[in-house]
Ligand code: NAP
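Take a look at this single chain, the form predicted alone, given in structure tokens.
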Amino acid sequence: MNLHLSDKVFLISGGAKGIGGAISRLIAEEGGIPVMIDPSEKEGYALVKEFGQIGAKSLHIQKRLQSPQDADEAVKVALAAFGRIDGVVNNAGANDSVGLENGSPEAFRKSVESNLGHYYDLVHYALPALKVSKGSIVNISSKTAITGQGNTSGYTAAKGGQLSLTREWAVELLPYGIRVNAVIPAEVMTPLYQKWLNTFPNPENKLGEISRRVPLERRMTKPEEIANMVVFLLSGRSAHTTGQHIFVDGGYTHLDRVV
């Protein structure tokens, strides 16, 4: 299926690795221009080189979105390079395990800000360009916003906020033809997930235990499977889809997980 992304420009926060890297790669394969906002120099450079080998344009902005100014600068760099923005993928974030019992009010506020604030910032500064292109916004959330996890109040509060903003922005931006949707992964193998697995005495046993809980095929979701949905939502092929929370999780969140 041709998604008609040729020469369209998409900002992807955390776009150089994991789920974000898979999204950037698929955009490039479809002829679009991924702008990866990611502090990882090595991974970002490697993707730009990879995309160049297939004749695809791309840009790596080596930046962590820690303040509104960071988002403003990233948008300005993208516009200076390509003159347009056709979509935004809010993806960056990390489960920092700031819980009610093991955290503090200060740590909670910091966690919410670091996982939610830049979602607002990036869209705010990209909005004038998105109005021109009638672009699309995709927020990457998490099943923890729906199921809870335990000992991660800040992260889940931010992820729930992302889902709320998805519906709020979908309403606010209707007059401009800008669509806003959220994709909700569950268990996806990424570098951060592997890092978490490595904290257990036997990571392979833990991985097997988790995989058995996923109803469809008893396996974790692949980053490429998240990317497939995200890029579809960015494209005109999903022209009448907005305000949706779409689960790409092998049935983990809603189906019976009894093995």
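From 1 onward, residues are counted along the sequence shown. A quick note: this is a predicted structure, and the numbers were derived from the prediction, not measured.
Keep in mind that the form predicted together with this ligand is missing from the display, and what follows is about it.
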Within 4.5 Å of this ligand in the model of the complex: all of G93, E187 and T190, by heavy atom?
-> yes
Of 25-33, 191-199, 227-235, 46-54, which is the one stretch near this ligand in the model of the complex, taking non-hydrogen atoms within 4.5 angstroms as near?
-> 191-199
Quick one: is G208 in contact with this ligand in the model of the complex, heavy atoms, 4.5 Å cut-off?
-> no
Is there any non-hydrogen atom of G250 lying within 4.5 Å of this ligand in the model of the complex?
-> no
For Y125, is any heavy atom within 4.5 Å of this ligand in the model of the complex, or not?
-> no
Verify the contact flag for K159: yes if a non-hydrogen atom of it lies within 4.5 Å of a non-hydrogen atom of this ligand in the model of the complex, no if not.
-> yes
Work out which of T166, S111, S136, S142 lies within 4.5 Å of this ligand in the model of the complex, going by heavy atoms.
-> S142
Taking this ligand in the model of the complex, which residues of 27-41 have any heavy atom within 4.5 Å of it?
-> I37, D38, P39, S40
